[in-house]
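The chain below stands alone, shown as C-alpha cells; this is the form predicted on its own.
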C-alpha cells in the first residue's frame, strides 16, 4: 500500500507554495493583516486563475474534479503562509453543491464558483456553539428561511451562503437577497473575518440532498482545518528555529542552549507524525465512508490542539517579543486559535469520537 503523495499532488503543493511566496510575501501579509479586511481581490483572483477555487468542482462544470485530499494539501500550504482569503468556506460551499445539488443548481452555481467570480461560504454555527447539523434551529418554510447564524467567514465578500437549518438541511441563500443582514463580529484571526448573518424570511433554494450530505461537508471542513493547523504549526516551528539561531543571550545564540534544543525537538516530534491523521481523514472523506466521520473528528481535535501548543511554545521561545503586535508569530498563533474553535472545539469532537466508537 502506497502512503505517499502522487507526483501530481506533490506538484500541486509546490505550485501553490510558489504562488504564495511570490504573491503574498511577509510584507504583503502584514499589510492585509493590519487592515483587518482579511481579503485581497488580486490575491483571490490569482488563486482562482490557478484553479484553486474549483478544485472539487466536477470537470463538467469548469472545475478540476479533485478530492478532499487535494483540498487538504492546499490548505496545509495556505495555513503555513497564513494566507488571507475565503478558501475554506468557498471550498465547502462548492463541495456542498457538487454533492447535494440538483442539475439546475449545479448549472447555476458551480461554473461561477469554479472560476472564482462567485464566492461562496458556509453558515453553520448558531447560539451556544451549535455547529452540528442536529443542533441547527434556523427554520425553512417553503422557499424562505429565517434564523441567526454566527461566525460566518468572509460573509461580506461572499455571493452565496450555504446555510444549515433545522433537520440538517442545507439551503442556498444569496447574500444580497431580501432579509439578509450582516453584522461584523470580533474574531481572533484578522486573515479570516467572521460575521453574524440574520435571515428574515429570506429567499432560498433547498439542496435536494442537503440533509444527506451535511455531515460530509462538516467532515470535509474538519479535515481542512486540521490541515491548515498542521501548516501553521510547521511554520511556527520554522520561525522558532530561525529565531533561536540568531537571538543572543549571555553572549551565545539561544539555540545552543540544551533546554531550547529540547523544546524545538519536542515541537517537531509533536507535529510531524500528525500529518498522517489529516491525510487519512481526507482520503476517508471520499473513499472510506464508514471511517470518515471518526477520522475527521480525530484529526481536527488532535492537530488543532497540537498546533495551539506549538503556538504557545513559539511565543515562549521568542520571549517578551513574542507577545507583541510587531512579532509575526502572533499571526500564526491567532490562525491556530481560529482553527481550534471553528466547527467545534477539540473537546466536542473528542466526545463525538467516543460516541462514534460506541463508548
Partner chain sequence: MDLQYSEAYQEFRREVQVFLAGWPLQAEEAKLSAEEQEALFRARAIEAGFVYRDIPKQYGGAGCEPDGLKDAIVREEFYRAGAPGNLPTQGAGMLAPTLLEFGSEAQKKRFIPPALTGEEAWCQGYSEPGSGSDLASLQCSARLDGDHWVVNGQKIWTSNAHEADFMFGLFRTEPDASKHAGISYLLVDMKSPGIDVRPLREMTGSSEFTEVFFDDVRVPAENLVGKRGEGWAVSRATLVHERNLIGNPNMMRETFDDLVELARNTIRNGRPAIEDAHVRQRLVEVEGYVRTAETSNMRQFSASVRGEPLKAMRPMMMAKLYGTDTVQMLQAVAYDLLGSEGMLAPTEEDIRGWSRSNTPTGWVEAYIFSLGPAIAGGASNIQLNIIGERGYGLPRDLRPPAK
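None of these values were measured; they are calculated from a predicted model. Numbering follows the first chain given and starts at 1.
The next section is about a form of this same protein that is not shown, the form predicted in complex with its partner chain.
Using heavy atoms and a 4.5 Å cut-off, decide whether 78, 148 and 173 all contact its partner chain in the predicted complex.
Negative, none of the three is within 4.5 Å.
Residue stretch of 30-38, 53-61, 327-335, 295-303 approaching its partner chain in the predicted complex, non-hydrogen atom distance within 4.5 Å
Careful reading of the contacts points to 295-303.
Contacting member of 270, 156, 198, 115, with respect to its partner chain in the predicted complex [4.5 Å, heavy atom]
After the contact test, the surviving option is 270.
Residue 141 near its partner chain in the predicted complex, any heavy atom under 4.5 Å?
So residue 141 does not count as contacting its partner chain.
Taking the shortest heavy atom distance, is residue 241 within 4.5 Å of its partner chain in the predicted complex?
Yes, residue 241 lies within 4.5 Å of its partner chain in the predicted complex.
Does any heavy atom of residue 137 come within 4.5 Å of a heavy atom of its partner chain in the predicted complex?
Close contact is absent here: in the predicted complex, residue 137 is far from its partner chain, nothing within 4.5 Å, heavy atoms only.
Considering non-hydrogen atoms and a 4.5 Å limit, does its partner chain approach residue 69 in the predicted complex?
Heavy-atom contact with its partner chain at 4.5 Å: present for residue 69.
If we check its partner chain in the predicted complex, which of the residues in 324-359 reach within 4.5 angstroms of it by a non-hydrogen atom?
Result: 347, 350, 351, 353, 354, 355, 358, 359.
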